[in-house]
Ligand SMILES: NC(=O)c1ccc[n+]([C@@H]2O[C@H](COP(=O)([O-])OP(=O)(O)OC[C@H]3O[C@@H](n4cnc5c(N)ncnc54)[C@H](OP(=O)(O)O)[C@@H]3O)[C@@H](O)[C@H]2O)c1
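A single chain comes next, written as structure tokens; it is the form predicted alone.
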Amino acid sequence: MSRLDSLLEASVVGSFTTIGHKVRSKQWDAISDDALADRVVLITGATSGIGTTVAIEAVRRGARLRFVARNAEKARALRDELAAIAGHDDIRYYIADLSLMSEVAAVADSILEGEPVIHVLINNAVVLPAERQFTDEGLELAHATNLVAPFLLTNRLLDRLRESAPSRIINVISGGMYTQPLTLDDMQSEDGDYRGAVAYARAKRRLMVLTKMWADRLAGTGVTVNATHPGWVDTPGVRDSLPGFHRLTRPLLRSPEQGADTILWLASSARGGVETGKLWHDREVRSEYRLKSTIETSAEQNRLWEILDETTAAYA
């Protein structure tokens, strides 16, 4: 890491905004046009924001893209767009509401039936509710979609990823996690006034912990597991869910292309296929903590896994 990069990293505004990307990217090599040639890439949350950009850029680099979406009409439109870019029809989508674990389990079965290999899994789908909401299965919406769903989907697909090795799992998190510890005694944000941004950040902190745990469990299998936070990106989700933040920071927000870069780089680069269990931002490993109060113990990590195991036991 260069001295300039270290100086940027010390400042949230310098690091997370378009400023950091513009400065750092001057030193990067372009991701080649064939970087993902014939690689089967599966992504959630592809019909909006950063996910759409990742899908498009992956296809442009040769990926055989598969994606999970909730809205069939949007999925068909994206599939047609991607097929036109790719020049072939080897683009597939699967429909599921990832807030419902019954649908996560069902879509995992469909993926396993339809995909003999999976080289890259990108857990990208998120929600940021303005109010506390619970699904029909009794889970708080942000907790269900942003944490329980990737836990269940990834675990259901692990054997296929092992069989497809070398393969990669990429978890898209958020810099908001830096403000939050695990908070295992309030997994569903039921205590006190509900704040969607806090529920979202807590889920992302927990997903970062799972990233390290998957990496440890998959050591030596040829499957790497990494997390990345894209910085502050101008997406429909940010505009709709955090309008005040969007108005305040709009001149400094990253484009979706800037936000997608490290996801694509992790999916295709040599380092992404070797290094594992780490948090990346702008193509470099970053600390997963900025506050000592957010550092968890190994016992807390294990308890998190146990809680999610219990939550998903009926669908595993």
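Since we're looking at a predicted model, the values are computed, not measured. Note that residue numbering begins at 1 and tracks the sequence as displayed.
Keep in mind the form predicted in complex with this ligand is missing from the figure; the text below concerns it.
Residue Val238 is the only one of Met187, Val238, Met213, Ala86 with a heavy atom lying within 4.5 Å of this ligand in the predicted complex. A heavy atom within 4.5 Å of this ligand in the predicted complex is found for one listed residue only; from Ile50, Val40, Val59, Leu264, this is Ile50. The candidate spot formed by Ser99, Val126 and Lys204 is fully in contact with this ligand in the predicted complex: every one of the three has a heavy atom within 4.5 Å. This chain is displayed without this ligand, yet in the predicted complex the stretch 41-49 from 286-294, 28-36, 41-49, 272-280 comes within 4.5 Å of it by heavy atoms. Using a 4.5 angstroms threshold between heavy atoms, Asn226 stays clear of this ligand in the predicted complex. In the predicted complex, Lys74 approaches this ligand with a heavy atom inside 4.5 Å. Of the heavy atoms in Val172, some are within 4.5 Å of this ligand in the predicted complex. Mapping the unseen interface onto this chain, Val233 counts among the residues with a heavy atom inside 4.5 Å of this ligand in the predicted complex.
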